[in-house]
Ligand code: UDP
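Take a look at this single chain, the form predicted on its own, given in structure tokens.
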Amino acid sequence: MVKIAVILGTRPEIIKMCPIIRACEEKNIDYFILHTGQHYSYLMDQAFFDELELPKAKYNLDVGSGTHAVQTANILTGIETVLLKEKPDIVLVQGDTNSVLAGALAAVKLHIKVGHVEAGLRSFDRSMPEELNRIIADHISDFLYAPTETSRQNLLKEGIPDEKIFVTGNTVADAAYQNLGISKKHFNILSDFGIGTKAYFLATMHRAENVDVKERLRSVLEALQSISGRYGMPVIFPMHPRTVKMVKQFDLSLAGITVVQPLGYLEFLQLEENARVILTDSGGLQEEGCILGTPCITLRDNTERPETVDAGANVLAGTDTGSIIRLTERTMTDCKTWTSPFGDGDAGGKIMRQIIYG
């Protein structure tokens, strides 16, 4: 019987790993969860595990924040201690965080097999720390679970052997379908906000290259204000603490934008599903919007999710006010439908079957 270590450290990783954790539970596989504590506190994340109806992490390193070097080093040494004790057959990491980099490094140095979930994503922008993390993780992993054929081709172009690569779909699709069901059992966010289905815009913005630059942040806010007025629909903006801080520091106006406190994942899923358009700089929201059938306008100049653009679910607007307004107008009039490129919601099952049966 194979023994699996599931390593995660941020909420997006919890979300995208939950289908794998559920598959392990259903198949009675020997596994444990190691939570690095890269983001948030142990208590906050434990509430998140409970909300998603997931078992508790066996280990929590609670490393917290720090520079990339300090954080990665702390995670690396903590993971090594656990792996030496548990001796798993395979370590699974997901995505592009410092937890992924440290988890893959710790395992490979101990001659433990590494499986990288969501392998092969590329923004082709090495100024992004996430890009470096995923490239390194891909090149030292034994099993690369690529979500799409595009991701597979990225890996092949970098010289990774084809026999290491498995196109599985993306576990974000599994998670969206599974967790939306849980959400609807407990929440009715549209009723709480007094808004109708497809009668509002949903905005998020958190990336440093956007919110820490006054002109970029102001340009986006002005576009959101214009869009709300033009279409007579509210812009619901659950505002990240970093964004709140910079809006105040730059003394920018939020008139015409409905700013709300950051929401829990389950409530936010309902907002994504029912929005008319999502405007965001988040990679995860590009995927979830595509899966849930909500068009997305990405407030960035590049994306590591080009499949969403190819499918017709997403457009790149950057942060220019005029560009955002024009692309919103086009999106509102196109009313496109598309097929999600991220699979049928069984990525977690496919990954488990590959691990167990080869």
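Start at 1 and count along the sequence shown; that's the residue number. Given the structure is predicted, the values throughout are model-derived calculations rather than measurements. The term rigid core refers to the most C-alpha atoms you can superpose between the two forms while keeping them within 1.5 Å.
Although not depicted, the form predicted in complex with the named molecule is the subject of the following passage.
- Here the chain stands alone, but in the predicted complex its contact with the named molecule, taken as any heavy atom within 4.5 Å, falls in 205-213 among 205-213, 249-257, 81-89, 188-196.
- Contact annotation for residue 263: at least one heavy atom lies within 4.5 Å of the named molecule in the predicted complex.
- Within 4.5 Å of some heavy atom of the named molecule in the predicted complex lies at least one heavy atom of residue 12.
- The closest heavy atom approach of residue 177 to the named molecule in the predicted complex falls outside 4.5 Å.
- Within this chain, residue 285 lines the site of the named molecule in the predicted complex, having a heavy atom no more than 4.5 Å away.
- Distance criterion of 4.5 Å from any heavy atom to the named molecule in the predicted complex singles out 240 from the list 113, 240, 152, 276.
- Scanning 156-170 for heavy atoms within 4.5 Å of the named molecule in the predicted complex gives no residues at all.
- The rigid-core alignment places the CA of residue 191 less than 2 Å apart between this form and the one not shown.
- A movement of the C-alpha atom of residue 209 reaching 2 angstroms or beyond is seen between this form and the one not shown when the two forms are aligned on their rigid core.
- Superposition on the rigid core between this form and the one not shown places the CA atom of residue 156 less than 2 Å from its counterpart.
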